[in-house]
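Below, in structure tokens: the form predicted alone, a single chain.
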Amino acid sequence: MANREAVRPTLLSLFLGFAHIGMMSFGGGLAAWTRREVVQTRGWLTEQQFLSGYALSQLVPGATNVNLAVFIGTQMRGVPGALACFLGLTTLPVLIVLGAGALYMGSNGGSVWLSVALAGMGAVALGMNLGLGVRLAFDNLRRIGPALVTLCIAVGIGILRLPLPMVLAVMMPISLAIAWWGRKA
């Protein structure tokens, strides 16, 4: 795949690319659509660059997917690229939500078709996020140590319902030790 040195998209292509992502992932699943568009379809970032940006986007305050769009735009074209990606990602969905809200409120909250459509979008978003997680796990968890760390975090948070800060306080040092040991080996 190409990377940002080889591909320098125009501001318009960044805006249109993220408008496409925003519309295709309406209701959720943004990370999966963003990865597909940015890495697979357009080749703006490599898989590793995308994963690094996604990890960084989760660490900083704000909506992860908006942070990711700003990160990608900044990598591609600086501040103007960040604005193009942000506006592309958010403009059309915001207009649709406002229009749907007006329709919903105009029918006194009794719009069955809108409720069904929103429930369907939620199910699609859940499936896409699950698919992205499985795909990234298969692509990036090639050693037993990182796979076990991922499994422990998933079990701790998802099944045992342990608080996220507690799980991270235990697993981050273990993960760093495994990474450090893996580099030495």
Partner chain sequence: MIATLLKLFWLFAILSMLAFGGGAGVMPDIQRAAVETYHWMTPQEFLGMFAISRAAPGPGSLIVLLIGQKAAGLPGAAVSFVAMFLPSCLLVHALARFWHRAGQAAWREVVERALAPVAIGLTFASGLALMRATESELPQYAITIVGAAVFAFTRIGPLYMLAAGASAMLLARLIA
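Since the structure is predicted, the reported quantities are computational estimates derived from the model, not experimental observations. Numbering follows the first chain given and starts at 1. The term rigid core refers to the most C-alpha atoms you can superpose between the two forms while keeping them within 1.5 Å.
From this point on, the text means the form predicted in complex with the partner chain, which you will not see here.
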property: The partner chain contact in the predicted complex: S175, any heavy atom under 4.5 Å; result: yes
property: Non-hydrogen atom contact R36 with the partner chain in the predicted complex at 4.5 angstroms; result: yes
property: Close approach of G22 to the partner chain in the predicted complex, 4.5 Å, heavy atom; result: yes
property: 4.5 Å heavy atom contact, L16 to the partner chain in the predicted complex; result: no
property: Within 50-79, the residues that have a heavy atom no more than 4.5 Å from the partner chain in the predicted complex; result: L51, S52, Y54, A55, L56, Q58, L59, V60, P61, G62, A63, T64, V66, N67, V70, F71, T74, Q75, G78, V79
property: C-alpha of L162 moved at least 2 Å between the shown form and the other one on rigid core; result: yes
property: Exceeds or equals 2 Å, Cα of S13 between the shown form and the other one, core fit; result: no
property: Cα-Cα trend for S57 and G158, given that in the predicted complex the distance shifts by 3 Å or more; result: closer
property: Note on T91-M121 C-alpha separation in the predicted complex, which departs from the shown form by 3 angstroms or more; result: farther
